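The same protein chain appears twice below, in two forms, each given on its own as structure tokens and labelled structure 1 and structure 2.
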Structure 1
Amino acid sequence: MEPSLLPVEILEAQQDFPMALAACKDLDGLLRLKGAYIGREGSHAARLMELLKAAPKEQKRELGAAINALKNQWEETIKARQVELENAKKRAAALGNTWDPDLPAPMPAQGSLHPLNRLIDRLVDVFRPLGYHVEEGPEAETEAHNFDGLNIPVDHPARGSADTFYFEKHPGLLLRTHTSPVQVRTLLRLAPHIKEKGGIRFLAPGRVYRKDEIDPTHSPMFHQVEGMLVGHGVGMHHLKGTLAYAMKALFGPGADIRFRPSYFPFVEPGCEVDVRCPLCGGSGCRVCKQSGWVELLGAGLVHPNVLEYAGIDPGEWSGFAFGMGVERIAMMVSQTPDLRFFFENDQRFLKTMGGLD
């Protein structure tokens, strides 16, 4: 197929690859580049194969040959670059083998917080100036806290064994599917003191579990940070102002967010919140799937039934709640193409992410 007839997706991939390769100064960067371009799922090569599937029958042969040639070129170029970087590393190591007794003794590598824990701490620090404190709860939860107290009906799909990990020998006990049970526990505990406190506001970070298949964007275990505020006359304008402040503190003063209507049993009205892609500024890129926006969290005003379950009068008190996935933010900020990198304990990756000093 003549170059002038190639689809724009192939031409863009051809143009972007040399610049991306030139930016790889070490083996860690090359590993990430390999996953982004020729990985099994979510890579440029995988998306081009999807393009081939949708192509007209008469174009498949020539288009398939062009895609395979491009993929083979990437593989050979990456292998050659890997050899260059490995040889450079060996030369540097050989030059550094000269022992100098006057030099200080080498210090052993010291571990530090995992990059996901660092991000959770950063999220908590964003909300502390607004008066939020941290609440925690058990990961093995009851159906009452995980579902009933959140206005989730008994026939809701999330309560099925296909989505939730239940303990076979302990009926009614499960691995929490979100950190929202912490909201229920905290409301129950603080409800008798809500008047003297003038309201409630807190964050609930932690691990959650769902029966998801492991792939580049899903895991049966992941992390969430949820927040809740209950007070007098709390409305959507308070929620929007709070999240706008948080996103600007997290992504910079130019961060822009939008709200889209959505449904969650424990809030009414509910919404999903998108942030203008901080990587491309909204012009469209691989991370935001060319839309210019990235879905970041779910939110809404606390459902009256949730307040009543905790013994709080919804006629006097109202509030909002929000929840965000930590891994989604981490992948977006670091441009990591595969969620599994965060759980494989590869010290090379963790070091590039700031997980090791």
Structure 2
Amino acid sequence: MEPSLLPVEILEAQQDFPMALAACKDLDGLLRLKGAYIGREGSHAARLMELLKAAPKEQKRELGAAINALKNQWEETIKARQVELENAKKRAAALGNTWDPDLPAPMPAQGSLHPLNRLIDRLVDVFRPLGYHVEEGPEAETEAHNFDGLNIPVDHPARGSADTFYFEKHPGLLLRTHTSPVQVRTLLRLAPHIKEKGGIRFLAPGRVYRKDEIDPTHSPMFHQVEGMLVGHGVGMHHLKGTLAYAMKALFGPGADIRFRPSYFPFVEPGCEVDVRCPLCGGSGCRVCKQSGWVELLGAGLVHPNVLEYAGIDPGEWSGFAFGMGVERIAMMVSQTPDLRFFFENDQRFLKTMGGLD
């Protein structure tokens, strides 16, 4: 076709078309472009039709073909772009309803049990299958329960006010220095029924107090878990079997124990119980000072005087008792470097150490 057949402005419009199309980023822009090029009125296409109408007859055929070609080209291109933009819009609309599941999720806040409580509860669970229940006693105790009933001599230094807290207005009332007075209370209470019950076995967890300054390894308040069993013919082998079971339940099947002779006034014989270092498995580490063993608790067979004090015949009945420091085990197992962390109550420590059960 002769280019001269078409007016200059149409030729320019044709030239601009690709750029104008590319400039349409959304459907609205595209519709405006569509109106300008192929709309019914005032568009480039409308002008061309007027041109065609006014053209000399012999040119009409050729001009018509040229105009049609141009119109078709515009129409098709715009349509294709329209589909493209419509699809993009649909896609965007669909994306608006999506949510990246990796975004932080709303969660109920996580609290935690105190690590020491958790350990105490764990010990209760460990001894439960052996028939132990929980006995408790007051923290403000009498000298009689805390010392006398436990065969602790009247002049024992632990009774002094350098070691034990006493109440100002109540002579003879103190903050218990161990959970052993719960033994005394429980034995006294159950002594009249011991025959019908067929023996006594219980755990006594609780808070105890000693006059120690607060430092990385001392605290004036700490926790003990005491255990006691009274029955017929109870010997050191029963103590060993019970603690061996308990330590395996607590630390895993590799947790062997060993007994060493020791002395506590309320047991005879007495022993210290070591457990194979739960951290290195016995090969030697900083915690066990390369010995492979860590000291865990004190124990022994109940002294006949303790049974007698409660009115239980030591000729018929015998028993064992053991007591462990909860903080000591907690620090050993967790490798917490400073005892004070347990009583400072920083949520960061509590959440890491306590968790949920």
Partner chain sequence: MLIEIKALQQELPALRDINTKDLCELLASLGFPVDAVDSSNGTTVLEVDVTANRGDVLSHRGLARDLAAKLETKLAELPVNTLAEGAPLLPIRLESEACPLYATAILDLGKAQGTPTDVQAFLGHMGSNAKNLPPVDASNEILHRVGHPTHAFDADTIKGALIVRWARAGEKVVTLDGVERTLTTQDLVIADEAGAIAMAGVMGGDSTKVTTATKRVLLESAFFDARTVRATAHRHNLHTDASYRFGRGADPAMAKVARDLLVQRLEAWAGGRLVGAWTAGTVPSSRKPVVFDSSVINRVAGESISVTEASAQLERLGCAVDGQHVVPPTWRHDLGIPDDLAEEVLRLRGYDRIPSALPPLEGSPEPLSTGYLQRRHLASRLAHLGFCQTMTYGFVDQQEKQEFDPDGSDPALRTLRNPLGEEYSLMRGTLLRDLRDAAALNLDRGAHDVRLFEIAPVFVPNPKNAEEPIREIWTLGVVWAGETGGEDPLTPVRNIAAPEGKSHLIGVLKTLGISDDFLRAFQRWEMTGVVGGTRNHIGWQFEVPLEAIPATVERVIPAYSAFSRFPTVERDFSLLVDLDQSYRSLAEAMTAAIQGAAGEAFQDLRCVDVFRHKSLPDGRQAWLLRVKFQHPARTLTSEEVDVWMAAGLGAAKSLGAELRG
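Take the two forms, find the largest set of C-alpha atoms that superpose within 1.5 Å, and that set is the rigid core. All values derive from a computational prediction rather than experimental measurement. Numbers given to residues start at 1 and step along the sequence of structure 1.
The chain as displayed in structure 1 is taken from the form predicted alone. Core-superposed comparison between structures 1 and 2: the CA of Pro192 stays below a 2 Å shift.
For Arg201, a C-alpha deviation below 2 angstroms is recorded between structures 1 and 2 after rigid-core alignment. In this overlay on the rigid core, His145 has a C-alpha that sits less than 2 Å away from its partner position between structures 1 and 2.
With the core fitted, the CA of Met19 sits 61.7 Å away from its counterpart between structures 1 and 2.
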